[in-house]
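Single chain ahead, by itself, as structure tokens, in the form predicted alone.
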């Protein structure tokens, strides 16, 4: 069972870049032993927040405590408690994976015994044994990400912070990386994960903070967010590209959101309304690729809160 002990506490955090508020009164707490997600589009403030927590960026106002330590007063102590795995791989291409681990370990003054233990851990739990002695430049993208994660936790920190760790992965590799994160949790780590992938947040996070324009607009367990904010099930209609305008005219009387050739319709009784919509489209000879009832997702939650999709860029 997840401990209720709060090990990261953020209160009223503010960060400005000129006139732009990158973080606007951000407050939240992370429980020991949980996977806590920051979900939001690019530009929402997730990376800025993570860099502040890692001591890589200063903030303007607010307070951050990690294991009761003040980030301003004890930045070096806090850094030793955190393993930061950025989106970009921070490994030396011409060194082997093992040599990269040795370099990372030297930054934390690990003994040879402890280093050996951590390499064994990485081999067993993070699956890097097969390419420990290969140069980083010879590795695939998935291997590099695994090695990058292993290097970031070589000093055995209780907290692991991951910034968009699966961006660019195909679905199979992404799921493998999800299992690695779950394995770290099972090994007693607390994970803070930033992502703009609603499925990733839903799949592995115990709680999710939804961020938009530097603010946390909702925070709870994914299931609760979907039930309380996401609303009821909706109807999803996908039509051929050249028939979108014609389909929208028929669906216009319903509350809906359109994106490319897909329309999401929000009605009180989707199972009863779906045959009606399908019949109208067929009567007008509109070719549909899909008409289905879908349960609310975290993207639905984001749409309800912001009026935009997670993949839309800020203007």
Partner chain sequence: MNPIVGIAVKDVKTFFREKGTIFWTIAFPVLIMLLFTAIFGRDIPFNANIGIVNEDGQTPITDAVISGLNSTGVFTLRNFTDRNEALRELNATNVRAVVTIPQNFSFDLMFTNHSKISLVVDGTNPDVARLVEDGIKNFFTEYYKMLYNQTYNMTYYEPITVNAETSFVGQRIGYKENIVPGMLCYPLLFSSMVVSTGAIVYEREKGTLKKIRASPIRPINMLFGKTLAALFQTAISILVMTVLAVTLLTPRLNWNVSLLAPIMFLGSMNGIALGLIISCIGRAPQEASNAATTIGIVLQFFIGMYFPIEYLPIYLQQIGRVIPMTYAAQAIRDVMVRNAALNEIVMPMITLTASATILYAVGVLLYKRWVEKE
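Numbering follows the first chain given and starts at 1. Given the structure is predicted, the values throughout are model-derived calculations rather than measurements.
FYI, the form predicted together with the partner chain isn't displayed, but the following is about it.
At a distance threshold of 4.5 angstroms between non-hydrogen atoms, residue 57 is in contact with the partner chain in the predicted bound form. Contact check for residue 32: every heavy atom lies farther than 4.5 Å from the partner chain in the predicted bound form.
Using a 4.5 angstroms threshold between heavy atoms, residue 148 counts as touching the partner chain in the predicted bound form. Although the partner is absent here, residue 140 lies well away from the partner chain in the predicted bound form, with no heavy atom inside 4.5 Å.
The candidate site formed by 207, 276 and 293 is entirely out of contact with the partner chain in the predicted bound form, as no residue has a non-hydrogen atom within 4.5 angstroms of it.
Of the stretches 198 to 206, 212 to 220, 99 to 107, 234 to 242, only 99 to 107 has residues with a heavy atom within 4.5 Å of the partner chain in the predicted bound form. Exactly one listed residue, out of 135, 227, 175, 185, brings a non-hydrogen atom to within 4.5 Å of the partner chain in the predicted bound form: 135. Contact annotation for 84 to 101: residues with any non-hydrogen atom within 4.5 angstroms of the partner chain in the predicted bound form are 84, 88, 90, 91, 92, 93, 94, 95, 96, 99, listed in sequence order.
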